[in-house]
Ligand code: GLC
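Shown next as structure tokens: one chain only, the form predicted on its own.
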């Protein structure tokens, strides 16, 4: 079996969120199970020069996109045993960011078409094209519209993974013909609720739909979580599978991580206290061994439950805690947390922005990791926190429900709250602080966390079985 994994971002080349982590680790896990899997993604100008030096020019071809004829260069690299194809067009991908451009529809229509054209020029004919999020959503649409009469494409199957259903690739009606180059008959596939919806079209045209946790697969069948697509998904639920994301256990490993102040494991926790001291020093917050550190690494947006944290913050400051935040997002939230840092300099540290090295220090040095997301398709941060012995406090939703079990109800690995309310959150934090006060119980909880297994082993097998069933 051969799989071509199509993604708009993938580590180590380009990343804006969890999709890059998945695209950088799942194909390797699939390949380790004796299934040929290669990755195709855009060749962004933002890729580091070091990584570009590892890319070898392979070939070029012309992509027909409606009335346009666009150049596509192909670079290739082998990273961790996985072959990557990086598709180059400076007009579309020589930008300062991955997304958020006025012509994103055209940019990723080009990419989707180029993914399919690539197959005619390489010695790798996939049995499966695994597409991810709306940016690759036109791959199954174009495949069925233009390529099925070609023997190289006749038997290719497609799987489409939803990483976050909120982002659907919605456009005005004229885009179907003028930009995407689809006829009126085919463009009907794209139409949904009065506009062009690439995500809906991708799900309709794919052989299977997957999403990134079992709970999220159930949630998106309801109006509360589906952002208008619940009726369509219920009609197509026979195609839907929920498969929990894994993470790269080698990348997130406190035993070997060179970015943290000291390494540690479940057998020797002394390094974690050194990491705590180092974290507080970096954020200019006074160190106190006995005072717990609650931390967040997050986008400062409503979906991450930031308004709830804001609502309880003054009450939180009455407790004997330190609070550390690393993130960026909506200005109102950035301004709020900066004001709290200024008001409580002895207790609050804030870094607006993102730094992978600083994130590692937060994961390693904090005692608790706060993740009160309003919705969370899977979530990777809570898994990473556990691997560093930092105990999550989470809203039991989506992948958070599937990965964090409340230890106050018996054996567990964190603290959860069911109802999205300020009282539920503050009470759950109180529960965590009470357990923290019992050093024996807290030590055992950290050891349990450090022994967590969030590798791709089980999930990769589930993906392979899904490939086989179509």
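Positions refer to the first chain, counted from 1. Predicted, not measured: the structure shown is a model, and the values here were computed from it.
Just so it is clear, the following notes concern the form predicted together with alpha-D-glucopyranose (GLC), a form of the same protein that is not shown.
**Student:** If you check in the model of the complex, is residue 22 within 4.5 Å of alpha-D-glucopyranose (GLC), heavy atoms only?
**Tutor:** Yes, residue 22 lies within 4.5 Å of alpha-D-glucopyranose (GLC) in the model of the complex.
**Student:** Consider residue 365 of the chain shown here, and say whether it contacts alpha-D-glucopyranose (GLC) in the model of the complex, taking contact as heavy atoms within 4.5 Å.
**Tutor:** No, residue 365 sits far enough from alpha-D-glucopyranose (GLC) in the model of the complex that none of its heavy atoms falls within 4.5 Å.
**Student:** Taking alpha-D-glucopyranose (GLC) as it sits in the model of the complex, is residue 18 near enough to touch it, meaning that at least one heavy atom pair lies within 4.5 angstroms?
**Tutor:** Looking in the model of the complex, residue contacts with alpha-D-glucopyranose (GLC) include residue 18, since a heavy atom lies within 4.5 Å.
**Student:** With a cut-off of 4.5 Å between heavy atoms, is residue 377 one of the residues that contacts alpha-D-glucopyranose (GLC) in the model of the complex?
**Tutor:** Contact check for residue 377: yes, within 4.5 Å of alpha-D-glucopyranose (GLC) in the model of the complex.
**Student:** Counting only heavy atoms and a 4.5 Å cutoff, which of 308 to 316, 194 to 202, 256 to 264, 162 to 170 contacts alpha-D-glucopyranose (GLC) in the model of the complex?
**Tutor:** Of the options, only 162 to 170 has residues within 4.5 Å of the partner.
**Student:** I need to confirm a contact call. Of 139, 370, 212, 385, which residue comes within 4.5 Å of alpha-D-glucopyranose (GLC) in the model of the complex, counting heavy atoms only?
**Tutor:** When alpha-D-glucopyranose (GLC) is considered in the model of the complex, the option within 4.5 Å is 212.
**Student:** Pick from 245, 298, 158, 360: which residue has any heavy atom within 4.5 angstroms of alpha-D-glucopyranose (GLC) in the model of the complex?
**Tutor:** By the 4.5 Å heavy-atom cutoff, the listed residue in contact is 245.
**Student:** For 333 to 350: residues with a non-hydrogen atom within 4.5 angstroms of alpha-D-glucopyranose (GLC) in the model of the complex?
**Tutor:** Sequence-ordered list is empty.
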